[in-house]
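Single chain ahead, by itself, as structure tokens, in the form predicted on its own.
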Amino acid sequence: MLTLLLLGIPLLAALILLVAKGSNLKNLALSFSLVEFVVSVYAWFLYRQEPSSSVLSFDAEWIKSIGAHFDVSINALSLLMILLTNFLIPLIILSSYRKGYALSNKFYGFILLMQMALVGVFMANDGFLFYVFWEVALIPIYFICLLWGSEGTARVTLKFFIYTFLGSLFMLVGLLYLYNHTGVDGTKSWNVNELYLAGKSMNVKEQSAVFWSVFVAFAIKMPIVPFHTWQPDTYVTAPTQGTMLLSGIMLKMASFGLLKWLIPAVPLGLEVWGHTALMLCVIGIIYTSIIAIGQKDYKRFIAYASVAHVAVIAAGALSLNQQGIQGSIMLMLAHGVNAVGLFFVVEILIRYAGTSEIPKLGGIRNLNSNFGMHFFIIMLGVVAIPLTNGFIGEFLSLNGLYQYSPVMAGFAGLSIIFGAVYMLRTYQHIMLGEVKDTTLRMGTLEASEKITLAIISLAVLAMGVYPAPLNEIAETAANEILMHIK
């Protein structure tokens, strides 16, 4: 029943906020999100004590005619994604405290509705239910980007919607094909384990078709080159909190889906086409890293840097060995925290300097050393310096990729060099050097800004210095995935 509570709290909060009026709506939204985080931490304690506890699962018949169940549960992989989601949502809400949004009840209601859908995606054990939550998550982020985005957002948001909606249709086709191969006795089922068995019963051609049908959907959402073209424009025009939701959490839906719903279901398809998919990841790492180096707008720069890091996550998952998958999971956690941190830096820069154009910024560390320190810590996490959150995931992912192919690992490893180049270069231009006219207002930050930055910096360091609590669960998750593949 704890799973229903994790779904019910943000759903109830969203419904209340969507009709609420008043001046303290952001406090109400933050309170609900903190309660949700406390419940997810409690779920973590329960899982550590008894992973198979009935409290961590719920299964009820839902749509009998198609064999769909409302089947949700918490295992190692879903637990980590739920913790990430419910840790970041309060930070995203807190990051908005200095910015007044019109129709703020709708804004925060959509954030919490999206939180419910994301948690549902990570807990669903029924393919139809997974698809429903996946589509529901698209609705609030679409309106967040459309209603509170910058100039030109309507065209960009429509492109984002078309891309992701078409990708979802590809995924639905793949899931339907698996579903129609379930039930040797004539009883069809959407259960994840039944879909695994159905996939493994197919021949190579059928598994290959399912692989590409579902992989394209996930490749668009992550995104992976060449399916990434919706992302940079969306990141630039979307409100910062919307971009945080997209980059910090929503993209993890696809990498999560790759690990839970695709890899275990079509082993022969992976055997034939996994190498090609890995090639796309490695090409994407190099291509988007080079583009990131030349960016003049900080938000667009983060967009391309994010594509490069997500490609490392996908490459680790597709290496199909324990270290690669474990590293992919740990890198998902690190990327979520770091992405929210980087975009909050953008929020602060735009608020005080009035621009995110890198050439117009400079000397900020001389005006606010505290802000410079937090930015530096987040940057170190992105570069994956030892004792930061990015190191363990990137190391394990590249190690797993090396076991698969030393040549691919060598090219993918260039992400370390490129990452250091574009992050250090950007930090130098923004924080060091002479103070520009646009940055003269970079004085003392507000309390909410200091708290948000401090929590993110602490998470970057804590996950790097003592990764064991999360890494142990990630190892369990990797072994569970590999068990289904064999």
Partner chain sequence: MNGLIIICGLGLLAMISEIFKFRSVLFPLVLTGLLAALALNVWEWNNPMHISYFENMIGFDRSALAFSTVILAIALLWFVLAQDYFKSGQHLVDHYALVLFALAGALMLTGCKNMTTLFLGIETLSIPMYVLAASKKNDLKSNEAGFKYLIMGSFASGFLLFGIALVYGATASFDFEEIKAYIAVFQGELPGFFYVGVIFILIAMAFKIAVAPFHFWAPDVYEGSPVLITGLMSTVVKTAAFAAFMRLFMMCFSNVSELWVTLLAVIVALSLAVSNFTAVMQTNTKRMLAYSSISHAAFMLMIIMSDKGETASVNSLIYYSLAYSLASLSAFAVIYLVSKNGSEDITELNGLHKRNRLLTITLTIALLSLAGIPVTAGFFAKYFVLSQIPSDTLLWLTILAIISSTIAAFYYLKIVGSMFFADSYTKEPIVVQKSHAFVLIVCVVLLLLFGMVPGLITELALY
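We call the rigid core whatever largest set of C-alpha positions still superposes within 1.5 Å between the two forms. Just so we're clear, the structure is a prediction, and the values are computed from it rather than from any experiment. Positions refer to the first chain, counted from 1.
Although not depicted, the form predicted together with its partner chain is the subject of the following passage.
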Report summary line: Answer key, its partner chain contact in the model of the complex at 4.5 Å (heavy atoms) among 196, 97, 161, 101: the residue is 161
Requested in this report: Name the residue from 350, 279, 173, 83 that puts a heavy atom within 4.5 Å of its partner chain in the model of the complex.
Outcome: 173
Query - Any non-hydrogen atom of residue 44 within 4.5 angstroms of its partner chain in the model of the complex - result: no
Report task. Report yes if any heavy atom of residue 190 sits within 4.5 Å of a heavy atom of its partner chain in the model of the complex; otherwise report no. Result -> yes
Query raised in the report: Can residue 146 be called a contact residue for its partner chain in the model of the complex at 4.5 Å between heavy atoms?
Result: yes
Query raised in the report: residue 201: heavy atom within 4.5 Å of its partner chain in the model of the complex?
Result: no
Report task. Tell me whether 62, 128 and 179, taken together, all sit within 4.5 Å of its partner chain in the model of the complex, counting heavy atoms only. Result -> yes
Query raised in the report: in the model of the complex, which of the stretches 75-83, 161-169, 252-260, 88-96 has residues with heavy atoms within 4.5 Å of its partner chain?
Result: 161-169
Requested in this report: Align on the rigid core first; then say whether the Cα of residue 469 has moved by at least 2 Å between the shown form and the other one.
Outcome: no
